[in-house]
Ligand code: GLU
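Below you'll find only one chain, the form predicted alone, shown as structure tokens.
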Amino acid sequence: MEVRTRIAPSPTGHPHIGTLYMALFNLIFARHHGGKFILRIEDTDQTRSRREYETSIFESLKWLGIEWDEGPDVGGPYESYRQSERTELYQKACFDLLRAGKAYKCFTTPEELIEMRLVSQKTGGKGGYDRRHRNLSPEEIAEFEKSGKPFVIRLKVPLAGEVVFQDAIKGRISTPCSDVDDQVLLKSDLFPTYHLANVVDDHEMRISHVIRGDEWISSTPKHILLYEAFGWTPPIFAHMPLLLGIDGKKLSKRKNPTSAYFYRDSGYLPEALRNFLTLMGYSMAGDKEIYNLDEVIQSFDIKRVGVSGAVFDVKKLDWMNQQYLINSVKVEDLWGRIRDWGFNDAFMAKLMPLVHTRIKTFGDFIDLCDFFFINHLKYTEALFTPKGLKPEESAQILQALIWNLDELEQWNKTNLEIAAKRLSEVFGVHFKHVIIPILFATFMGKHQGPPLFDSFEILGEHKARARLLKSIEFLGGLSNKKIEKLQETWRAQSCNSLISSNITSPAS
């Protein structure tokens, strides 16, 4: 059997560091066994998928030194490698199950599904779909279709028994069938759900090993049941430990800089980050920590993968990056590497219009623009509390700014100005005397510098988001409860509702 692994990211945002982590281990496993590593784009989310995000996936993987044997850009024997171009295949597979009596049409409305969940909450049930259309007669189905009522297609999950599989890392895992919902396979627009497309593609592309994160364990029974319904042999599953923050919780962009580009733009060496990621849940023989990709490929043993979460410790990454700088970058090459990273002509040309009329000597340039090149700004509480603002109020403003920029999608200077003015209205604070000083503090670590909005755009989304998160943390952070209340208020404001008392205005 040829070993074939794959990574299948969704192009709905810039690539997460976790995507690089999983791609790396799939590559290592395939190369160790002399197999193939495949890149597949799961772009069935028509609303959020973007080709520019697909390009970001390609670029970030290549920056880290990860190359694939088959994919959308290089082709291969199982084209296409974009799910949006394979919809007819999924539809045929789904209707085959329908004709075989292993799936059924469900005419339940969204309102009825909400009602089911509410009833389950009151009665202590699981809150899933109640299978009311599982056993409709042909006459009942014809009546629904005659009325033009839309439908989805669901899998007929066995009502008894259990789903058992042998995970290559976790060992034996079993799930009662009663805990598995009759999952939707084909949506009312005839687009597949993730589960259907995932299983069909893995089968059609001859994927031998599915290596993915722990968060997918709960989906595996659904996939195995689909394989059984089709009469196909499932691949071997291996679930890697999750990346955790230093707080022991899943690494998330709400609290951590998770964009792969953040680490590139912050000046980390790709070979150091690659080495660091292989330490996440895996240990080399002899507890060796510094090694190149070929070494881990040659000696890889999946039995050495841990079962618990792996802490993504940036201090450890900093130490490792320093070891690579010392041992793999010659002194005579160091300036060239630094220049290529941040002082190249293309980047410096962007800064010149910002400083041309603001410097008296060339020496003023560094004082004015240092924040573009350093990762750790020197924050003080005074910077974030203009006009008597409390630290928590500033943290709320910055958190709301992240949400607003995400809603606007593009983190550019135009949208920052729109978001900043909206914050002024929502929080009832002065735009120039409160909002602007807080933003200067966040992005520059000072209250004076080059033009704010232009600087923000040059800084870029990945560094800007990281600084917003760091500023919120510096200000004491926001508890989950406070974030939920703030989010409720922000959503209400998005619907033109009045701001609630959950957010304290410094003017009150």
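Just count from 1 along the sequence shown to find any residue number. Everything quoted here is computed from the prediction, not taken from an experiment.
The following text describes the form predicted together with glutamic acid (GLU), which does not appear among the structures shown.
Residue-level contacts in the predicted bound form: of 373, 403, 216, 431, one residue has a heavy atom within 4.5 Å of glutamic acid (GLU), and it is 216. Note on the partner interface in the predicted bound form: the residue among 411, 194, 379, 341 having a heavy atom within 4.5 angstroms of glutamic acid (GLU) is 194.
In the predicted bound form, glutamic acid (GLU) lies within 4.5 Å of some heavy atom of residue 10. Contact annotation: residue 42 falls within 4.5 Å of glutamic acid (GLU) in the predicted bound form, judged by heavy atom distances. In the predicted bound form, glutamic acid (GLU) lies within 4.5 Å of some heavy atom of residue 212. Although the partner is absent from this view, residue 198 contacts glutamic acid (GLU) in the predicted bound form, with a non-hydrogen atom inside 4.5 angstroms.
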